[in-house]
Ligand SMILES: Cc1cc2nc3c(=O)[nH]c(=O)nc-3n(C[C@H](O)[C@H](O)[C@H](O)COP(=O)(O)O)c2cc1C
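A single chain comes next, written as C-alpha cells; it is the form predicted on its own.
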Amino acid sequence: MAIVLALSGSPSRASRTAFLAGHTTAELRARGHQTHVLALRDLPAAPLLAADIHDPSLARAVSRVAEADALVVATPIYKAAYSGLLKTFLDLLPQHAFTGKPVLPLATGGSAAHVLALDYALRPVLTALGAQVCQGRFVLDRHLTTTPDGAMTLDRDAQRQLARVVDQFDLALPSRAHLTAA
C-alpha cells in the first residue's frame, strides 16, 4: 500500500484543519496505507521564513515529502486563499516535488463563499509542483464541532461527502508492490 503524508497548514494548535487531516489519514490507514501527518506549525519559524532548507527540521520535512507516494494537503482558508504557512512551506520545495504523486486538497473555512479557493488558489500551486490533483473537499467550520471534553467531530453529512473524495483518492494511490517493481 501507499505511504501518504498529510501536510496540515493551519497555524493554530486546536485546529479544524488538523482534525480534518487526522480524520482523513485515519481513514486511509484503515484501508491499509501507511500515513503520517506533518503539522507545518511545528517547523521552526525563522528557518522556514528564510527558506533555509539546510535546517535539519526543514530538510527532514522536505525529505518526508520526497519519500511519500501521495499527499493530503489540508489548509484553512483565510481571505479567499490557503494559509500563508502552507504557501511558505510549498515555496521551499523543489519545483517538481509532487511529480506523479496523487494529492488530495482539503480545506476548512467559515463561509461557502470561499469554496472556490481550492480550485482557484491551491490547485494551480499543486499543479505547478507536478501533482496529480484529485478532487478535493471544502468543509465548513460549522460542520466541525468541539465536544465538551475538547474532542472534535465531523457531522454525518460532511463525513459522507469526505468519504467520497477519500474513496476517489484511494483509487488513485499506487500500491507499494507496484512501486517496488517499477
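Small disclaimer: the values here were computed from a predicted structure and weren't measured. Numbers for residues come from their place in the sequence shown, where the first is 1.
There is another form of the same protein, the form predicted together with the ligand; it is not shown, and what comes next is about it.
Engineer: May I ask you to check whether H114 falls inside a 4.5 Å heavy atom distance of the ligand in the predicted bound form?
Structural biologist: Looking in the predicted bound form, residue contacts with the ligand include H114, since a heavy atom lies within 4.5 Å.
Engineer: Is A163 close enough to the ligand in the predicted bound form to count, meaning some heavy atom within 4.5 Å?
Structural biologist: No, A163 stays farther than 4.5 Å from the ligand in the predicted bound form.
Engineer: Taking any heavy atom pair closer than or equal to 4.5 Å as contact, tell me whether H23 reaches the ligand in the predicted bound form.
Structural biologist: So H23 does not count as contacting the ligand.
Engineer: Looking at the partner-bound form in the predicted bound form, is Q168 within 4.5 Å of the ligand by any heavy atom?
Structural biologist: Looking in the predicted bound form, residue contacts with the ligand do not include Q168, since no heavy atom lies within 4.5 Å.
Engineer: Exactly one of G100, G84, P94, G110 has a non-hydrogen atom within 4.5 Å of the ligand in the predicted bound form; which residue is it?
Structural biologist: Looking at G100, G84, P94, G110 one by one, just G110 meets the 4.5 Å heavy-atom criterion.
Engineer: Output the sequence-ordered list of residues from 66-102 with at least one heavy atom within 4.5 Å of the ligand in the predicted bound form.
Structural biologist: In sequence order, P76, I77, Y78, K79, A80 come within 4.5 Å of the partner.
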